[in-house]
Structure formats: structure tokens, C-alpha cells
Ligand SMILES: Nc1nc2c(c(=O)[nH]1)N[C@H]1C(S)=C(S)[C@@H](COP(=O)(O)O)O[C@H]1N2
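Let's start with one chain on its own, the form predicted alone, as C-alpha cells.
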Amino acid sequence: MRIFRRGDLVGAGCGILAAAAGVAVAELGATLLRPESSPLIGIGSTVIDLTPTPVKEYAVRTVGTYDKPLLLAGIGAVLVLVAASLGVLGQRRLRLAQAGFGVLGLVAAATVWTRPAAQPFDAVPSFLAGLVAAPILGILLHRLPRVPSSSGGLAAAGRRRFLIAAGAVAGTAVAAGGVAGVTRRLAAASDARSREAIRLPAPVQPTGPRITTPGFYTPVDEFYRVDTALTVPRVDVDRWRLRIHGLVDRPITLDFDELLSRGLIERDITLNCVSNEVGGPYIGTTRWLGVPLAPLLREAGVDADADQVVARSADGMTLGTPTATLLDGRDAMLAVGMDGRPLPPEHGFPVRMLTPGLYGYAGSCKWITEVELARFADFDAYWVRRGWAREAPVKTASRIDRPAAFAHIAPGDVTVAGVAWAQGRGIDSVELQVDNGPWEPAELLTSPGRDTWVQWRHRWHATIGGHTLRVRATDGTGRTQPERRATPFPDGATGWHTLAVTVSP
């Protein structure tokens, strides 16, 4: 029995064209409303939320920061398949196929509308997608030639009529998508100009001279980014507000200028992601500028039962931080600047929370808009609901940066170098082991304090052959990082960073 008929390929093309037009119009609508209202973004964000933690961790390990583009590409591929199927169905049962496009629009609208930070009109672009795709499918299918020519091809007149309609739909889709792209680029340029116009006041507590050793500071444009946001939230600094509320005596609401007026501190702090594998790249150090958080909490009057601070982002993300951690004297802050300039959008503009000594998922909320004092017993933040630990102190770790893994180097004296970190405790010593030989102490370079990584180096006399290099660190409490390998889930990776090199003439 033949499943597909001769015209099914053309029908599939009609379905894909109809979907492309719907998506293009929806993206244009989302550009004019809010980027977060995009149906593709809504569906992608829901997929991220529903993805099991082990799968997420595998994606981060395997593709790193390409996970979001690949996810969107995958959603696009599925949409193409579904649209093609509806196009084929439409040749037999048009109304049912059109209803299918309507259902797709409703599903997309539901995913967008149920996002934590959704606004009333966010579902409009998704509705537009369904309303546009369904009739366009009918228009294209009605223009398919019904009479074959003597050669078995489509009749010339019918073919021209269909191609004109298909070309018009394709042109409309391309035009709508192009306008959306140009509009977004113009908006991004406008946002960049507004951000550059912000003049951050000088800190009342500067941190002192910068470390001059190459590689100590991570360039801002190279600083790692790991989050669930498929599109960077656009936050208007003039409309931004921060609410401190919940289990407090005196709720506080601050705008951006009022926050800056509280006085800024400047600190060198290393920030790292709990998803970082042993020797991984998701860690960086920069000079942060921000307002101390503890005085604001004390001003609000923290209830004795409030053992958790829930930070909420403009995109609906929630992070939970132990209240005691934010009040124990560390330089927890509401950061407004990196390396002397306002935060870039992808790193939390205009304000992000930063908690030295904790992994980012537990103390570094980007695009922050709320600080709620609560109880751990009453609320689990986003990552805790997905199995990650409630409390997330950074584990002692170290990494070899030079030479690179599997490098070929010349014999003789070689400088092995890298970084070690134990934010909040500091690094007391670093040791290097070559093959299975004795552990030898490495030289520690200057560091501004216990909240940053420490650079280290060791002179090794390399002999011809294959060698294994291994590093371990001991923190300021005297505890040496464990040898046993553990994956990042649920509270951070452990193990000694080990790599192989070849020494040859």
C-alpha cells in the first residue's frame, strides 16, 4: 500500500512555507512587544525546565555554551517536520490541517503565558503565528494545479499561479523576519548607547591596585555565561526597581539611582559555576562594583525565622541563598559593574546579586528585581527543585592551564602553571605531581584576598617521553582537595586535574 502520493512533497513544502510565515510574523510581533514573548523562546524555555538534570549536565559538558543555539535549532527542525506533515494532511483534509496550525499556536501561547515572568500580552505573537499559518496553508493548497500536463508535470498556468503565491508567502516571511532582525539590532544598539551613558560613581571602598600578572583577570567579553535564558532580558534601567520584602519588618523598594546612592564597594572576586567539571572553563575573575547587600537586609529588618533569601530575576528565575551567608561579613553585593563599566546585558544588566564563596546558582542572580526573605521549609528555588543542593559553598579546586592537554613540548625546563581557588577560605598551597613521583610545591603568585583564585607555577625539568601531570591544592583551613572524582551534580565536582603531555626533541 502506497503511503505517500505524488503531490505530497509539494504539500509538505506548503506546510513549511505556512509555518515560516507564521513564525516570522510572530517573531516580528515579539520584537515589538518583548523578546521573551517569542513562541520559539517560550517553547525552548519550557523544554529547558522539563529536561532532566542529567541531560542538562550532559549538554553542558558536551556542547558548552552552544547548548542554547542547538536547542533552538532542534525546535526549528521539529517544527519543520510537523509543518510538513500538516501540509501533506492538508491535501486530504484541509480543515484538520488548519486546525493543527491553530493548536500549535495555542500550545506556543500556553508555554509563553505560563512562564514565571510572563506579561498579559506575551501570548499575542503565538496567536498571530497560528492565525497567519492556517489561512496561508489554505491559500497555497487551493492554488495547487489540479490538471497535469501531457508530460506528467504540472500544467503551466497552474504552476505559475502556485509559484506566484508561494513566492509571495516566502517573500513575506523573509521580509517579516528581516524587519524583526533589523529592529532587534537597532534596539540592541540603543540599549548599548544607554548603558554606556551610565556613569557609575566612584566606590566608597576601593579594593586597591590591580594585579598585574597576565591572566589574573578574565576579560569581560570572555567571561563565562551559564544560565537558562534563551534570550537576554531587556531591562529598562529607568523603570528598574528592586523590592526587598517577605519576612522583614520594613519592606524596601529602590530604583537604580537610589541603589547607587547607598555607596559602592569594589572587589576582586572569582565567580564559578557549579556545572564546571574538573579543569573546566566555567570560572572567571574580574573587578566587581556594587552595593553591599547586608546593610540593606538589616535596614529591612530580617525576621528571625527567615533562613533563606530568595532572589528573583526579570526572567522569572529564582535562586535561594542562606540568609546567614549574606550576613556573615563576606562582600555579598548587588553588583552594577564589571571591570569599571556597567554590567553587560548577558551578565545581568542593570543589577545582579553576587555572593563570594558560593556557586553562581545559589548566590549570583542576574537581572535581579526582588529579594524576598523566606524559609527553606516553605520554598525551593529553581535549581533546588531540580535536585541541586540547597547550600552550595565552592569546593577547593585547582587547574593546569599550561601546558595544554596532549601538548608536544621540547625537553628541558618547562613552566607548568595554572590557578587554584577556594573562595572564602583562600589557598594555602598548591602541589604538582609528575607521573607517579613525589608531590612538589608550586610557587603561589600574588593574590588580593581569599575571594579570588590564586595563580601558581612550577619549574619542571621535562625529559623525553610521555608524562602525566597532576595538581592538587590545600585551602586556608588546611584541607586538601580530594582525589576522588565526582561529577558536578548535585553540589560541585571534585578530583585532581590530570593531563598528559609528550616531550620530544
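Fair warning: this is a prediction, and the values are worked out from it, not measured in the lab. The first residue of the shown sequence is 1; numbering continues from there.
Another form exists, predicted together with the ligand; not displayed. Remarks below refer to it.
Answer option from 349, 361, 216, 388, heavy atom within 4.5 Å of the ligand in the predicted bound form: It is 361 that has a heavy atom within 4.5 Å of the partner.
The ligand: the contacting residue among 384, 326, 273, 176 in the predicted bound form [heavy atom, 4.5 Å]: Of the listed residues, the single hit is 273.
Contact of residue 122 with the ligand in the predicted bound form (heavy atom, 4.5 Å): Heavy-atom contact with the ligand at 4.5 Å: absent for residue 122.
Any non-hydrogen atom of residue 225 within 4.5 angstroms of the ligand in the predicted bound form: Close contact exists here: in the predicted bound form, residue 225 approaches the ligand to within 4.5 Å, heavy atoms only.
Non-hydrogen atom contact residue 101 with the ligand in the predicted bound form at 4.5 angstroms: Output for residue 101 is no: heavy atoms all beyond 4.5 Å of the ligand.
4.5 angstroms heavy atom contact with the ligand in the predicted bound form for residue 313: Contact check for residue 313: yes, within 4.5 Å of the ligand in the predicted bound form.
Stretch from 293-301, 248-256, 411-419, 316-324 whose residues place a heavy atom within 4.5 Å of the ligand in the predicted bound form: Every other range fails; the passing one is 316-324.
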